[in-house]
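Only one chain comes next, encoded as structure tokens, the form predicted on its own.
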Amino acid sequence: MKKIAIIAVAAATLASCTSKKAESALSPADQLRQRLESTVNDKKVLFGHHDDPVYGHEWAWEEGRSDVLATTGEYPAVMSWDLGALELDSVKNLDGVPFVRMIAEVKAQDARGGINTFSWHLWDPVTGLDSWQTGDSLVVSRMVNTPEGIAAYNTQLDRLADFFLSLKRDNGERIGVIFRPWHEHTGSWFWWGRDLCTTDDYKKLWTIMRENFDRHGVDNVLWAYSPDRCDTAEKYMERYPGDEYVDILGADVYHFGGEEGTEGYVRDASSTLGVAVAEAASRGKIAAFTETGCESLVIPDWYTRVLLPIIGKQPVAYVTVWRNAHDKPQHFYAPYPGHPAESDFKEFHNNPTTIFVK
């Protein structure tokens, strides 16, 4: 019996070691992909918030603070960040977040078991226009079709690639993250939007970027494709760069118009997510509600009455709401202590399907 027990222990130890070796053989991006797939398989949804631990409603830059933490006792499971101005070699992003602080918070979020995702509101590398300057319809064309435009774009991408490669744990392992570039392209409020560049030129933004990141050996990024609201699969997939370039199929749909806008929001969010989920399933990808929210939470039970039923019907890995600005009193998407939506948000947090992180 003793010999059998020893053999059993040895077998278990070998199996454990084999499992750990297999996991360590995966790239950081693949490890993150497995986590997200497991979340969907478990019928759970990770909750995310933009710029959560660096500023909030009427406060900024304090260490260890978070409006979500203050209301629920936990941080968001997903923290969203923006890389805008990194391409200019700036020390702060477009919202004033120091990149050094951002990196520290990314590491802290990873250490507590959370996930990080990034968007990029960049400046045009040729003319210097910010993301919202849409008067020039040739911005993307110059970036991807002219030698000087491609060179300038690659200079920006070099800085981004170096940034992602710098995201490491204390033991030197790179941290797997999500990157969501060229988002909301089905609208036209950014210079890479539908009415401002051709389908082929939009796809080139992705291909040139991936070629650059591959040259740098970036292996810790999952790529998210996130159109704004779409009511058909044709519209959603029109500018899809290809399965080899995308890991996550997302949707960016906001709730406008208060109570009167609820029906339209539920319809548009459900239809866009429905397409994302169906396409993700057919392509072996992950679906997510990549950006959403109701500004000022003018509907106090928005989280449980409006958002929760939407994500409850769609197998998405995570849902992310936008930021709580410290310098714009009405610009917030997660409640803070004392706000009328606080109790509803706590109920949303306590729902067995939502995941936050201590």
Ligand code: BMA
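In this text, residue numbers run from 1 along the sequence as written. In this text, all values refer to a predicted model and were calculated from it rather than measured experimentally.
Form predicted in complex with beta-D-mannopyranose (BMA): not shown, discussed below.
- Contact here is defined as any heavy atom lying within 4.5 Å of beta-D-mannopyranose (BMA) in the model of the complex, and by that definition each of Leu94, Trp322 and Lys328 is a contact residue.
- Checked against beta-D-mannopyranose (BMA) in the model of the complex, the candidates Arg194, His121, Lys204, Arg210 yield a single residue with a heavy atom inside 4.5 Å, and that residue is His121.
- The stretch among 165-173, 69-77, 147-155, 94-102 whose residues place heavy atoms within 4.5 Å of beta-D-mannopyranose (BMA) in the model of the complex is 94-102.
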